[in-house]
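Only one chain comes next, encoded as structure tokens, the form predicted alone.
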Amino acid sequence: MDIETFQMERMQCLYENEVEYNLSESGVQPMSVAELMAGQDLDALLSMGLGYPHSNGSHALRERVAAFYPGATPENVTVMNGGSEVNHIVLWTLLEPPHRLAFMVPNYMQGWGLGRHYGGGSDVFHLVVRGSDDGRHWALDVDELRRAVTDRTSVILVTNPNNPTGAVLTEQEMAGVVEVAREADAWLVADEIYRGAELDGRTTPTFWGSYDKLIVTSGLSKAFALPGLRLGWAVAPPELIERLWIHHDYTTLTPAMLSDRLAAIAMDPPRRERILARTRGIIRRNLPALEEWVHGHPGVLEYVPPAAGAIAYLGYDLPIGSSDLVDRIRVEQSVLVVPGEQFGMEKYLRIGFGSEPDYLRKGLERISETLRQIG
């Protein structure tokens, strides 16, 4: 079976380095090596041999990753090359026809495509907008989740905090997801790569420890502002960690030596919290500029504030599909954003606001030109 083109990743690959303003990213301004290494022995890093590291991640790194998940141990952790490889190998390991994936939408659509490729298909359940005009939020449609899960469902995948909405599940919603998974005897995969990027400064509760058939996936790309390290991990029962490791032996074999060493520095608990504080500071600094811009387009843009992540998922009321709108913005204004169609939901745009403030404002001003022309 041929796998479908991952439309969002292909679009970003083609255009993110060709436009003047790239607002398609979902992280914040990346950290530099000097910033990450402040107070560390740089000479020791420079003298390090670039051989093969431990294929499942060094013990020091796995120990520090485990410390981010109460009750986890290094035996619950395996390390790979980025969160995307982790999610890929997890679904490759757990899915085979005719078993199906229940998949949260809107979402980063990697899992949806892999469910169709490795399993018998993907069945979606939605986040929906609820509340009044002064208190609107994204909420999980638990009833639709129950309808999406059948006797052929072997895996349920949620992203919390969510990409692209920036929504964070409530404790009741998390408990509902676990209950549905337990009733179906399905594996629950919780992609928590935005955990730690909350606006209010309170780290989102992890799903870890809530269920015995649970895998948490994450990495350093989003909340930790270190996407160039390409470092991700899975936290799971040891017997599943062994199965994931077997599959990893057929792909990239190991993380990179430098990435493993720098990731261990980043995940040292005191430094970890300083990095997350940096991320939250950038989000809080930039969000007012985005909100001011949104409020300058009344009747055109629909705004539900994100609770986490430097991303906003904006509904719009214009006579044009989201992919066509994004193409016009890119061609006419040299600005790249992501169409809602690429998250499984039309008439939305995802705009990343984690860049430098002046860069963000100039990019948003250019988008306004196209919105006014169409409106």
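The shown structure was predicted, so the numbers you read here are calculated from the model rather than taken from an experiment. Numbering starts at 1 and runs along the sequence shown.
One more form of this protein should be noted, the form predicted together with a small molecule, which is absent from this view; the next part is about it.
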Contact assignment for the small molecule in the predicted complex, among G119, G113, G82, P74, heavy atom within 4.5 Å: G82
Residue (of S154, T206, N286, N163) lying close to the small molecule in the predicted complex, criterion heavy atoms within 4.5 Å: N163
S58, heavy atom within 4.5 angstroms of the small molecule in the predicted complex: no
F224 within 4.5 Å of the small molecule in the predicted complex, heavy atoms: no
4.5 angstroms heavy atom contact with the small molecule in the predicted complex for H88: no
is_contact(T78, the small molecule) in the predicted complex, heavy atom dist at most 4.5 Å: no
Interface stretch in the predicted complex with the small molecule - options 165 to 173, 136 to 144, 243 to 251, 187 to 195, non-hydrogen atom within 4.5 Å: 187 to 195
